[in-house]
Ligand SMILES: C[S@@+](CC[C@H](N)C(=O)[O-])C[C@H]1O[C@@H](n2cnc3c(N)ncnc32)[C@H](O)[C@@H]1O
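Shown below, as structure tokens, is a lone chain in the form predicted on its own; questions about how it binds or moves come after it.
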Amino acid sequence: MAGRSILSQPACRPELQAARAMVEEAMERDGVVVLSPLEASRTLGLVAELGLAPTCAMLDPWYNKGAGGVRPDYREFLDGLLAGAGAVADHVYLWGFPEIVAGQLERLPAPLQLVSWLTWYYKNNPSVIRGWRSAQMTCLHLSRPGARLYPEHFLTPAQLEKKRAGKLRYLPGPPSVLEAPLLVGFVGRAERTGHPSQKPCQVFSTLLRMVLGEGDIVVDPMCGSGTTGQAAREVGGKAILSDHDPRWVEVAARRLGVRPVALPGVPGFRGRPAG
């Protein structure tokens, strides 16, 4: 729901009330909260415990091949992430290689349903293995039934004028294929952070414009270098970010001009509280 409160239900225990107050203060001040290192499932559980109300969850895990290693329980790992994200957010984006995320469509946890199969296509793939598989990435857009979308965010000025005049015949949205170059070589040098799988902010901001109203929140429990936070700021939203790796928590916080926040009395954080 556009412009809904940062908080949905009040946290009961005193330590959760204190943690919620810290998140609320940081959100109002910076628009972005970067939590100290925390496992992805714990971040999603914490969002629920604190009574937060994100509109969207961005899930961009390692893809179970190449960088990041391989885990035999990857399907079950994704099952848990989707269940946790679907419990707190109206919309969920899940990134991965086509042949990997396709299998999740047969095991989506209630109440999530498929909205769209999205493709990020890039021509400047440096891989020696040329082909369609190595030049694209898939993002599943999942949502709860009735979750609001904002196709009007993609209208041109002329289309907006027709809409105001009641003359717009149909409401177009963004394409299902997003074309943006990889951040490699001389491309996107000012944006690059050193993260081995960093995506262009342009791709994330397009996704968020489709689901976020002014002031709405996206949660990213595996935020890498913080691209989701930058994209949320660009579209007028807010973000709660974390990552299990302390290196990328620090990079994301530095990129966004904030300090990592560890919430007192809340278990699961690695490292010392900020302050």
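Since this is a predicted model, take the numbers as computed values, not measurements. One rule holds for the numbers: they count along the sequence shown, beginning at 1.
Not on display, but discussed next: the form predicted together with the named molecule.
Heavy atoms within 4.5 Å of the named molecule in the predicted bound form are found in one stretch of 211-219, 26-34, 243-251, 47-55, which is 243-251. The single contact residue among Q159, S197, T138, Q113, judged by any heavy atom lying within 4.5 Å of the named molecule in the predicted bound form, is S197. In the predicted bound form, G237 stays away from the named molecule, with no heavy atom inside 4.5 Å. For L207, no non-hydrogen atom is located within 4.5 Å of the named molecule in the predicted bound form, even though that partner is not displayed. Remark: C223 counts among the residues lining the named molecule in the predicted bound form, judged by a heavy atom distance of 4.5 Å or less. Among residues of the shown chain, A232 is not one whose heavy atoms approach the named molecule to within 4.5 Å in the predicted bound form. The partner is not shown here, but in the predicted bound form the stretch 14-48 reaches within 4.5 angstroms of the named molecule through a heavy atom at L38, E39, A40.
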